[in-house]
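Here are two versions of the same chain, shown separately as structure tokens and labelled structure 1 and structure 2.
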Structure 1
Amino acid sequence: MGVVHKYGGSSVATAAHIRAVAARVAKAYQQGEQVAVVASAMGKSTDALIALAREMGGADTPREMDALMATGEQQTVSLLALALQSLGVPAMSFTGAQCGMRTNSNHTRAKIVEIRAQAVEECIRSGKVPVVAGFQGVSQDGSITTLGRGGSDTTAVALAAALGWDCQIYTDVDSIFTADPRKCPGAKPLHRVTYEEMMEMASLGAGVLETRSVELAKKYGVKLYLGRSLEEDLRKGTYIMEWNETFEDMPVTGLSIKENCAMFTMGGLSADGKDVSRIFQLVAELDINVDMISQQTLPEGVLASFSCSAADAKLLLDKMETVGFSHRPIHQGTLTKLSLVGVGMRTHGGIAAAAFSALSGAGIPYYQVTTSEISISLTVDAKNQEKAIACLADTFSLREGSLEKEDKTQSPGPGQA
């Protein structure tokens, strides 16, 4: 079975970078590994194209922007193919259209509907290394499309799925960590996480891998690896796969941190739901992305609360002002949302208890609590962020040197959230 290597923009930023990537791929090839490569546009080349487009007078039709952007990856793959050939590796470049990456017509954020990989398979059969342009595809009417944010990862996973291969995503971090090392000093590298945990963390803002590509990998059972470009020791990166017995018995795998959240809480709302629906109408009109929502019905009326970004909160407050909404919300300053993630979390009882007692023990007030299948989220005041992160990280031994706490949860079940 072969491997799809994916190299992002920073890994192919210059001619020298491209030659280095070629050397890395050549080595794998010469060791007898079957390999295909997916590459992004060179470093900041996309920005240059966007700048040029801006000079065209204001029009930014998605179809034309896609046709323009796609040239970035097209240049990388033909250059990379040349670099590989210079090293004696037979290589062949493919645009999104050439590798049969069929998408819908949703330009600038198209979805892959089908891969007709015959040409790539033929290339592989003939002993060559296909070098595929990431981030792009072709729509039904033959227009060039792009896949939007994280698109090259999606291309790589989709190609691996079509070929039945593994997928190694090379980027500029060593691995996935239990928490963002910049916000949680001493955060530990995670060498294996389940698809669900990765998705949960991505959607909770870990931001290394787009949820979409992880979903795709889970759907087609593509074994994902994430590691630093040119690092050949695969023990240093992170494997993303189905849960199995070899996984450590950890109730909590990671801690996601989302800063600048705002919380609205409004009491005494009409029991008929009219007030609540009115509030969410305003939210919708402002196109505000609402995160946590909770609602309780009390004798004195409905108590609703939800969170959103601090910026959106400002918008909403002004809007409520102008439409003269009767109920004044308790608008809670700036908060940080902390989410504990882990497939071990079959029931949240133990984890919740441990988290709450740890925080209150440390004198840290926490607010709104919500849960998903494999996560528990809560918010703390921004000023307590650092303290709270350290407290939770230690409680669930997510950082180096933190004392192992007794596992209060049941043992993990199969990672099928």
Structure 2
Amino acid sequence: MGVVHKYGGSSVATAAHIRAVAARVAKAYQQGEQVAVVASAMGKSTDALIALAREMGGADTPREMDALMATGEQQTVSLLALALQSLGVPAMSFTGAQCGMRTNSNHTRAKIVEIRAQAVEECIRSGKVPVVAGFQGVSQDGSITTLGRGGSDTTAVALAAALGWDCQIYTDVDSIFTADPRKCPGAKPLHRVTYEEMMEMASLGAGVLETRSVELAKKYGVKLYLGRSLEEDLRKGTYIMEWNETFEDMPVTGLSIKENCAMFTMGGLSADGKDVSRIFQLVAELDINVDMISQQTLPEGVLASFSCSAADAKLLLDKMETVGFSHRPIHQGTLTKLSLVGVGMRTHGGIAAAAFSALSGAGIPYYQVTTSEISISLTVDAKNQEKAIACLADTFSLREGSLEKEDKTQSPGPGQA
């Protein structure tokens, strides 16, 4: 069995970075490992392409934007293949279309339909290293498509699934942490998390891995690892794996942080559902992603609330004004959504009580609360974000210096990863 290496934009940002990645891959190849590589566009090159498109006045044409954006990854894989060849490693670059990445026709956010990986498999059988452009595919009509945010991670996991290999995601962080270290100093590295926890954390705001890539890994049983580029000691990174009994030891695994949120609350809505339906029709027309939805039926009518990004909130308020919507919402902006995540919540009670008690004791007001089987989310005022993060992190031992509890953040033993 081989392994798919995926290198993000910061890992291939310059020619020197690409040569360093090539040396890493060459070492694995020369030690007898079967390796395939998926790479992102170099550094900020995607931003530069978007700026050029805007200069041309065509940044709102999805099909042409996809064709343009795909060139960033194609440049990287060609250079990486050349760098590998200079080190004596036979390598061949592949675009998304050439590697058989078939997608639907939803430009800028396409979904993978199937992978016809025969060309990549033949490359491997001939003793070469395939170097595949991430983030892109080809639709049934032959148009270039891109997979949206985190698309290169999705490409890597999908390729690993097609080959029956493991997948290692290399980026500019050492591992997945209990919380974003930039916002929670002392956050602990997690050396293993479950697929479910990682998907939940990603969907709730953790930006290390895209939800789709983890979902694919779980669905197809791909062993997934995340670590820092060029770090050869895999004990320092994070394994994303299936649940086992030891995951119950620590009920809360991590804290996801989503800034710049807003919350809408509307009361006195009709009990027949027509007002609520109209609100969410407006939301759908604006393609706004909402969460933390709740609805209550009160004597004075239905009370509905939901959260979205602050930018989307402005769009929705303007739309409501334009169409003359009769129910004016109570709008709370500048909020931060904090989400506690852990599969251990299934078997541990009192997590919500501990969180609410800690915030109340610290004098931090919190607002809308939603839960899933393995998460509890709430919003706080942005001005209280730092204090609330520290409060929850200390309550659930998510950062160094917290009162230690049973710790599940240890490296996996032999056979566990």
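These numbers were taken from a predicted model, which means no experiment stands behind them. In this text, the rigid core denotes the largest set of C-alpha atoms whose superposition between the two forms falls within 1.5 Å. FYI, numbering is relative to structure 1, first residue = 1.
Q: Please match the form predicted on its own to structure 1 or structure 2.
A: Note: form predicted on its own is structure 2; the other is not.
Q: Core superposed first: is there a CA shift of 2 Å or greater at residue 393 between structures 1 and 2?
A: For residue 393, whose C-alpha is compared between structures 1 and 2 after core superposition, the shift is 2 Å or more.
Q: Taking 2 Å as the cut-off, check whether the CA of residue 220 shifts that much or more between structures 1 and 2 after a rigid core fit.
A: No; that C-alpha moves by less than 2 Å between structures 1 and 2.
Q: Can a Cα shift of no less than 2 Å be assigned to residue 142 between structures 1 and 2, given superposition on the rigid core?
A: No, its C-alpha moves less than 2 Å.
Q: Could you tell me how many Å the Cα atom of residue 321 shifts between structures 1 and 2 when the rigid core is held superposed?
A: Its C-alpha moves by 7.8 Å once the cores are overlaid.
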